[in-house]
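Quick setup: one chain, the form predicted alone, written in structure tokens, and binding and motion questions come after.
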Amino acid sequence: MLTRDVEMTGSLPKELLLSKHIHFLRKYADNSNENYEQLMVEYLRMSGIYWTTTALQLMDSDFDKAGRADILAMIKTCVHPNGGISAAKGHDPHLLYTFSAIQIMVSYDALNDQIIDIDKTAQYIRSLHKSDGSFMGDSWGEVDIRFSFAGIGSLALLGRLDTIDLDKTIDYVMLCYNTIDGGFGSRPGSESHAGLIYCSLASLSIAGQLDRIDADLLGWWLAERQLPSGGLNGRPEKLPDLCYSWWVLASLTIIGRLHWIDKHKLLRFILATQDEETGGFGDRPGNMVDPFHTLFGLTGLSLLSHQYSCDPNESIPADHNTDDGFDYANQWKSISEKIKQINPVFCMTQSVINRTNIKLQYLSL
């Protein structure tokens, strides 16, 4: 059977370009930079700030100095009278951007800085919660499992999770469960997809109901997403994309089966997606870089170096070419020292989640 994949050449980056990534993200985060590219993605601005600040926090000990006041002021301009938050000033509120804004505020320890009225924002989130347990993204009524996670995650971070019927909410999530492969789709009966699996598992972890899935079946399906190049795709017969270094690895971490991935091959793929001139990561080697893929390249490395054994004496599998220019033991040691630990449920640094005292469930073999 023909497998769709990318070709890995010997000229691709083999080291983590940390300082260049910090420079790339700080330049992108400059709110005064109203260039054409920024204006064309204004509808994603709040999520873009979340991707950028989270990536910087993973790499940079001076995170709190990275435009904190300007970013929090920008969020305040996006808060609507109903408590919802929009992607940018003048846009309509939406649950996804409300979640991103809450994640940013929690990372900055700014939930109590009078940027939002917590009760009013929680009320806005509850207004999108339907009687069947699903969540709408906004007042127009679209339902998607992504919105279920955004609703559950937002309320958990706000300390208001007890204001919804969590069991009914998880019952809806389980309606999107596919017993044939153990995965989840966007709605009941939809095809399994790694990104939607992550949203579902994160919701189940927050609710403490991971016992409702077949972890071995799902782990097998997720491990099958790794291609010969080492990269991961989101569903069968698709090309690898760096963002699945988050969606797949976070899912495997939650269910305790991260070690079912070949981390050495994935390391080579992740490093190959870096731009050696500008910094940043792209979806595949040689493609344009952006903050979205930069965050998920870094989070993939974080999971592999902190959650997957990084014992310097760990043996290299026999089918690996040890003359490929990679000193795997030192690479993993260096990465674990340069990149902080990410939380696999919230995609925020583990130190921030520790501060919230949120209890999360994880599975193990």
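Residue indices: 1-based, along the sequence shown. The structure presented is a predicted model; accordingly, all values stated were derived computationally and were not measured.
Beyond what is shown, the protein has a form predicted in complex with a small molecule; the following relates to that form.
- Taking the partner from the other structure, the small molecule in the model of the complex has a heavy atom within 4.5 Å of a heavy atom of D290.
- Contact check for I104: every heavy atom lies farther than 4.5 Å from the small molecule in the model of the complex.
- Interface residue remark: L44 is counted as part of the site for the small molecule in the model of the complex, having a heavy atom within 4.5 Å.
- Contact annotation for W221: none of its heavy atoms lies within 4.5 Å of the small molecule in the model of the complex.
- Between the small molecule and the residues I125, C176, C243, I71, the one pair within 4.5 Å by heavy atoms in the model of the complex involves C243.
- Here is the short version: of W247, F135, Y108, F99, the single residue with a heavy atom within 4.5 Å of the small molecule in the model of the complex is W247.
- Residues placing heavy atoms within 4.5 Å of the small molecule in the model of the complex fall in a single listed stretch, namely 290-298, out of 136-144, 226-234, 290-298, 156-164.
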